[in-house]
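You are given structure tokens for the same protein chain in two forms, set apart as structure 1 and structure 2.
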Structure 1
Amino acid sequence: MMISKQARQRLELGLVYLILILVTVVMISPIYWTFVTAFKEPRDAFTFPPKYLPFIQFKPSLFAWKDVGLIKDPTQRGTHDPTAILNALQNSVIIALGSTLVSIVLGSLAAYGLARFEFRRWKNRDIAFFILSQRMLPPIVLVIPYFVLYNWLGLLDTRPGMIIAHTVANLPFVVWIMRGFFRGIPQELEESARVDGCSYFQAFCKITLPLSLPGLAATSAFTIVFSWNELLFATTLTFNRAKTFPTLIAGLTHSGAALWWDISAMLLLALVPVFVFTILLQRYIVTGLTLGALK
């Protein structure tokens, strides 16, 4: 049986939509599971087969939010200390913003130097690859040296120590990405500024930096998400004072069992800062990713 061209196009379009729907379901299902579990009581979280439909299979409850102390209820005694949760959240915000700011400033200056100047002893390409190679090391290799060095310097369980560790991890990524953005900006614009009396640094601040804002926003989004979600260094280098939010969530157990309802509530809370940051910089991030894709 012969299929017309129009019918074949409709069949192909339907197949594409079916694949997109399946991919979307796979991508969203963990977030949906987290969302519904955050509003379950313990007896609903451990049932089999699992209950996924609120108001149909189970009655939504604020038990988890009261249990972690985010909602005050004198009739329910929380399992966790709200002060410790807020301290961990504050530590994560400060460490993520601090490491992103420092890595963006230092990495952008290094990337600008590699994009605009030719080094004599080593080629720029070799220097850039050496910087990127630092990111190829498995983080677990660096944990013990970091622990010994931080113990000697008194940086264990401190916010500056975590900011330094995350900055070192983010710098190769920032240098490599921003070098590509700076190379895409016409050098003639900076030469015109220098003809008008600007120094190299003034031309960088007044001409190159404003034009590279989309790249800075996209790179900042990647670095802040890495720092916000980082667990290995936080688990090894912090104990109490500088404990981050992912470390606190990973330790939400009671008598050896995971408290899935509490973990889900905390995970939803952990999504909020990154979601707000992404929404605020969405226009710059999309522009930056598009420019990076076209180069």
Structure 2
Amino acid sequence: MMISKQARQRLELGLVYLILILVTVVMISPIYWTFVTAFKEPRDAFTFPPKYLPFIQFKPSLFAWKDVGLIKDPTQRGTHDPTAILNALQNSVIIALGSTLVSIVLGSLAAYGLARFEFRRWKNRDIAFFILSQRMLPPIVLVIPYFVLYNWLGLLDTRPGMIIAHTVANLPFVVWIMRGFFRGIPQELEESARVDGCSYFQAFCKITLPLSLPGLAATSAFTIVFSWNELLFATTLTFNRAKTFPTLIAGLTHSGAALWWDISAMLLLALVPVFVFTILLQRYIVTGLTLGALK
């Protein structure tokens, strides 16, 4: 029996959609699991069989959020110290923004220089390679000397110390992506600005930079998320005052039994800002990703 071409195409499309839905479910379900666990009471959280569906299999509750101390409730004493959590969140935000600011300023200048001028003694390619190679290094090679040097310089467990460390990873990334963006902006605009009496630097600030705002948005999305997520530098160079949020979470189960509902609530605190950010900036993030790899 022959199937018509149209029917075959329709069948194929249906199959593609089926695979697509399956893949999406698989990709999203771990996140879903953390999400529901954060709203379970201890008796619902670690049962067998596990409870998947809120309202049907279990009653959602704010128990974990009260236990963590983020929601005040006089009838329930929390097991965690909310000030430590808030302090770590604050550190993470300041370090992420600080490192992003430094790497965007230094990085976009360098990217512009590499995209617009020709360097003779060291070729543009070699300079770009040098900058990029810093990103290729396994960070452990830097973490050990940082620990020693920071100890001497009094930078251990400080926010500036973390900003300096994260910028080493973020700066090459900014140069790499922004160079692609600057190349896509026509040079004629800057040239006419310079004819009108602007200096190179003014032309860069007044013409090129505003035009590359999407690029700056994409790159800062990545640098902020990188810094927010980073653990290796954070866990070796901070331990108390400047402790970042991932470091705080990573230390949770090393002592005693895991309170999964509390941990899940804290995981959401780490994840939700990143997700909101990703959804808002999705277009730029995709452009940034593809630009990084394709150009």
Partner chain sequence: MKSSVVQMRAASTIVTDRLSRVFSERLVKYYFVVPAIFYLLLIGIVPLVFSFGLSFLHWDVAAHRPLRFAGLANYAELIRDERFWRTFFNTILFVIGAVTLEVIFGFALALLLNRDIKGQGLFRVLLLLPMMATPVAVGYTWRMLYHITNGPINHLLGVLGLPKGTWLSSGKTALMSVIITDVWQWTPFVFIVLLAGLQSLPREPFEAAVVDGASRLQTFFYLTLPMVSPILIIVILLRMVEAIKVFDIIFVMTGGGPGISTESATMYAKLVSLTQFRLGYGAAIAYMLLILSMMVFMVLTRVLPTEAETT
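Take the two forms, superpose them, and find the largest set of C-alpha atoms that agree within 1.5 Å; that set is the rigid core. Here, residue number means position along structure 1's sequence, counting from 1. Computed from a predicted model, the values in this text were never measured in an experiment.
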Quick check: structure 1 or structure 2 for the form predicted on its own? 1
Flag for residue 17, CA shift 2 Å or larger between structure 1 and structure 2 after aligning core: no
Does residue 241 move appreciably between structure 1 and structure 2, meaning a CA displacement of 2 Å or more on the superposed rigid core? no
Residue 230: Cα shift of 2 Å or greater between structure 1 and structure 2 (core-aligned): no
Per-residue C-alpha deviation between structure 1 and structure 2 [residue 276; rigid core superposition; Å]: 4.1
Residue 43: Cα shift between structure 1 and structure 2 after core superposition, Å, came to 3.0
